[in-house]
Structures are given as structure tokens and as C-alpha cells.
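Just one chain is shown here, as C-alpha cells, and it is the form predicted on its own.
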């Protein structure tokens, strides 16, 4: 038997007085934590806050959402106020007089130079620059950059995004269109994710015959061509919001369900799940409390990427004439109208196209940040 004298060197200096005898009924407590405990979601938000790119993307999304709500109310023009006299005016923003894309100017090509002094054709102050002077058959010709607003008799007006072929304010229509596109995208994606998560969770958790039947049904639905399904829904229900949302929902949930099913097959046989099942935990608790949180990262990433994809899908429907009904606007409808005059009035394409591009990049960066933040393997890092 090993005695105290033969103990390890680090314990050899201990004396009998260093030990204290405790009775069986004495309560021994560990020291209390001096800091507050950090839960899963709080820890995820702390990690998300360290991702600068995702924070910037989130701010951009909030700004776009803000203008989508309040942008159409920032001037006196309604989204369908028409005036053919101000049709196709370029963008004009106060303080941007030196930027050709934003100062309301247009270049008129091959104009007779001797006519530039005619104030009936060229009102005073509308000529900004004369370029490319040449002589053709003895006649002096040139290109003239003019202030389109003075030239059209609207010298005191400002249309920040210009006007369309009916003289409607594009600032109002772009932000109203962005609002409609975001509503369609969020409604379609949330419905897809909600149904896909429930469907995939049941199939992945129970497995066997239940999984086989459910996934075969999903594969049959996914086999139908997307464009055919969307066209049939819109032809039957019309061109309203409900029809477009349902057209985007009817088969896109299959991808989410497949993703969740794979996550359940990955985690359902883990030790902590088996232990919870041994203790009598109900299936619903196992699904939504123990297994599903491990799939939050992929779910969030897919949701954020699906939103710009839904906006693109709505834009595609507008291109083939199945978009929102006139005079309502969406980003797809605006791009559909603008692409017919792309070479003559490129600004009508630039603003909605830039908005879609910024939304896509921002949602992707935001989704990547949330995916990393909700990854359980990185908790505490």
C-alpha cells in the first residue's frame, strides 16, 4: 500500500493540517461563474458581429428596404403619373452637374452648327458642349451635348432616375418595383423554406419506407420543367402577386427538403441524439431541438441565396410577358421595358440592373456571415 511519504514529489510538502475533514451531510458547492452564460444564439450574433463584410451587406440591405418603403413617397410624382412632354428625360441629381450620367444631359449627333443659335430649337442655356466638329458637303456639322431639361421646357425639375417612355418618374417606379420584387421574393422563399424544412425533417428523421415514398414524390414534382409549371400557374391564376408567388413556390421547396434530409441523416445517429432518445425524448423535440439547429447554417445560406434568385426568376417572367400587370412595377418589369431602348436611353436599364446586382451581392455576403455564425462547430471561437 502506498503511503503519504511515497507520494509524488509535488504532494510531498503537504502537511496533515492542510486537509479538512467534511461530514457526510456537509454541502460542497463549486465556485459561482462571475460572468453571464452565453447561449447559442447570442454566441452566434457575437461571431456575426466580427464579420465586417456581412455587417456592411446587412446595412446595405436595410438601406434598400428603407427606400423600398419610403422612396416612392419622397417626391410629388406617383408611380403612374404620365406626361408625354417629359418622356425619356435622363437622370438629373442636384450637385452632380459634372457627371454626365447624372446631370440631365444628352448628346445630339450630327447637328448643323449654324442652327445652334436658333433659340426656338435650342433654348438659351441648354447647350453645354460642342464636340466632333466636321464639314460634310460644305456644311459644318457637330455633336451637341444639351441640358435635356431646359431643352424640353422642364429646367426647374429634377428626376433623380429620369423618366420612362410615358414620362413617369423612374425614382418612384424603381423603388416601388423593388418593394414588389422583395415582397414576391420573401414570400416565395419563406414558404419554400418552411415547407421544405418540415418535409425534409420528417423524411430524414424517420427514414425507411417513409423517406422513400416522400422523396419519390419530391422527385416527381422536381422533374416538371420549371418554366412550364410557372407558365401554367400564371395562365390559370393571372398575373397577380399570388400567382407569381405560387409559381415560384410549387417546386422550389424540393431543394430545401433534400438539403434538410441530408442534414438529418448526418446528425440523427449522433451520441447526444441517441442519449436523448434513450431518456424518452419525444420525436418532435428530437427533430426541432436536437437535430434541426445543426442545419440552421445551410438553411440560412440557402434562404439568403434564394432571395435574389427569386427576384431573377420574377424578372425572367416579366421578360416573357408573364410579370406583374401594368401599370404596377417590379424590377423585372422595369428591365423588360428598358431593354427595348437600351442603346438610346441606357439609364433606364442602369438603375434597376444595379439595384438587382447590389441585392444579389449583399444577400450572398449576408448569408455567408450567418452561415458561419450559426455553425455549431465554431461555437466559442
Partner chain sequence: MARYVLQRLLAMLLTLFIIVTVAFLVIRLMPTSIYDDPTISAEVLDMIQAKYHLDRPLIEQYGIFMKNVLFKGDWGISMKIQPNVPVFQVLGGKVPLTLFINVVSLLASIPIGLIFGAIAAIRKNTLTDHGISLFVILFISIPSFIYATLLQYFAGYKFGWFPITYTVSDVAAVKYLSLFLPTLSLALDPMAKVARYMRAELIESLNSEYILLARTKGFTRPKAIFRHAIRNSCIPVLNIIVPMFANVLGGSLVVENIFAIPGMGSLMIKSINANDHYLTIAILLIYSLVSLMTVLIVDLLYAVIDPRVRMGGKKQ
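In this text, the rigid core denotes the largest set of C-alpha atoms whose superposition between the two forms falls within 1.5 Å. This structure is a prediction, so every number in the text was calculated from the model and none was measured. Positions refer to the first chain, counted from 1.
Not on display, but discussed next: the form predicted together with its partner chain.
- Proximity of residue 67 to its partner chain in the model of the complex: non-hydrogen atoms within 4.5 Å are absent; the residue sits far from the partner.
- Among residues of the shown chain, residue 279 is not one whose heavy atoms approach its partner chain to within 4.5 Å in the model of the complex.
- The closest heavy atom approach of residue 51 to its partner chain in the model of the complex falls outside 4.5 Å.
- Its partner chain is not drawn, but in the model of the complex it has no heavy atom within 4.5 Å of residue 60.
- Between its partner chain and the residues 274, 262, 130, 232, the one pair within 4.5 Å by heavy atoms in the model of the complex involves 232.
- Residue-level contacts in the model of the complex: of 99, 213, 220, 190, one residue has a heavy atom within 4.5 Å of its partner chain, and it is 220.
- Residues 342, 343, 346, 349, 353, 356, 357, 360, 361, 364, 365, 368 are the ones in 340-371 with at least one heavy atom within 4.5 Å of its partner chain in the model of the complex, listed in sequence order.
- Core-superposed comparison between the shown form and the other one: the Cα of residue 301 travels 2 Å or more.
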